[in-house]
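To begin, one chain is listed below as structure tokens, in the form predicted alone.
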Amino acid sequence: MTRLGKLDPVTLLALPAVAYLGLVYGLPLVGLLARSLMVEGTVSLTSYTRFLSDPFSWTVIGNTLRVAAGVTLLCLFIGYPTALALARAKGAAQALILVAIILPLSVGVVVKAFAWQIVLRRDGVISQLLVGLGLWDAPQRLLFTETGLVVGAANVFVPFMILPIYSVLKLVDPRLIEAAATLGASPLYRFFHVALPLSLPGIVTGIAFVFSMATSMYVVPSLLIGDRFQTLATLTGRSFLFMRNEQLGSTTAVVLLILSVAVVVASAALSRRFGGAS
């Protein structure tokens, strides 16, 4: 029997999705890659060597990775306790937390970004709160700063950190925590040696989701920090929309794609490792 003959018929149900992704995602990507490699009608790596030899390009790559790392860490800091509370909650309390997490996903990113423009400005809620707490002597503007961008982007992506961690935590047998407690383990010991290791696959998946989306965000940086701060995604957009430089846009898009694929592959390897260990 051939390998095709051994294929589970249920697997064929995925064919429409595979064909759709191949047509609307894979095919344009191949075109983008081909455009980045074509220089004056010949295949060449000139666009990549030119891009990587420019110090400004490394500044843009550094901006992209730094902001994505900040957003991911903030989402993890906020998301893990929320996922833990969601996994422990029962009945109406759990439903209420789920609604609070999922409902903001129905609001468009553009609307959220404009709302954060109000929150982050000099007379916004955050500035007034920090002045009221005595942490700032006078109101300061967070809008059009890197800190404001990280805070605003974390608001958009935090559900994608909470849900993977929650999906793993809800499968953890609570009797393991109780068994550790009966053996005299302190709450901190139970968290760092039982709950946290068991939830690592969810943490890795959440980090991969948020980091990948944060590296490729375009609307949020455009509205919260402006053109003076460039990331790979905003530089790609400017190259196509304003500079009419398809060569540069294709090159930055492929570099961005390589970064995202590297994150996904690394996270998949880590998930298998931690999943097997768990």
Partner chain sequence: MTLTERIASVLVWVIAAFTVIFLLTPLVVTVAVSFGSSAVFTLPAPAWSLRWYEAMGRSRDLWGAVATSLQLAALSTLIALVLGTLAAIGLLRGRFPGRESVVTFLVSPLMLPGLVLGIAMLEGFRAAGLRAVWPSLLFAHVVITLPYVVRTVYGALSLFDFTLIDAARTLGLSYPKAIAKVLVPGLAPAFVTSGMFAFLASMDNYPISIFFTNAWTKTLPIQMLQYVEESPDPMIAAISTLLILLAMLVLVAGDRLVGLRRMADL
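For clarity, every value in this text was computed on a predicted model and none was experimentally measured. Rigid core (definition): largest C-alpha set, two forms, superposition within 1.5 Å. Numbering follows the first chain given and starts at 1.
One more form of this protein should be noted, the form predicted in complex with the partner chain, which is absent from this view; the next part is about it.
- The putative spot formed by R141, A180 and P197 is not touched by the partner chain in the predicted complex; no residue has a non-hydrogen atom within 4.5 angstroms of it.
- Interface residue remark: G62 is not counted as part of the site for the partner chain in the predicted complex, having no heavy atom within 4.5 Å.
- Although the partner is absent here, S127 sits far enough away that none of its heavy atoms falls within 4.5 Å of the partner chain in the predicted complex.
- Although the partner is absent here, G134 sits far enough away that none of its heavy atoms falls within 4.5 Å of the partner chain in the predicted complex.
- In the predicted complex, the partner chain sits beyond 4.5 Å of every heavy atom of Q230.
- Residues V151, A154, N155, V158, P159, F160, I162, L163, Y166 are the ones in 143-166 with at least one heavy atom within 4.5 Å of the partner chain in the predicted complex, listed in sequence order.
- With a cut-off of 2 Å and the rigid core superposed, K90 has a Cα displacement that reaches or exceeds the cut-off between the shown form and the other one.
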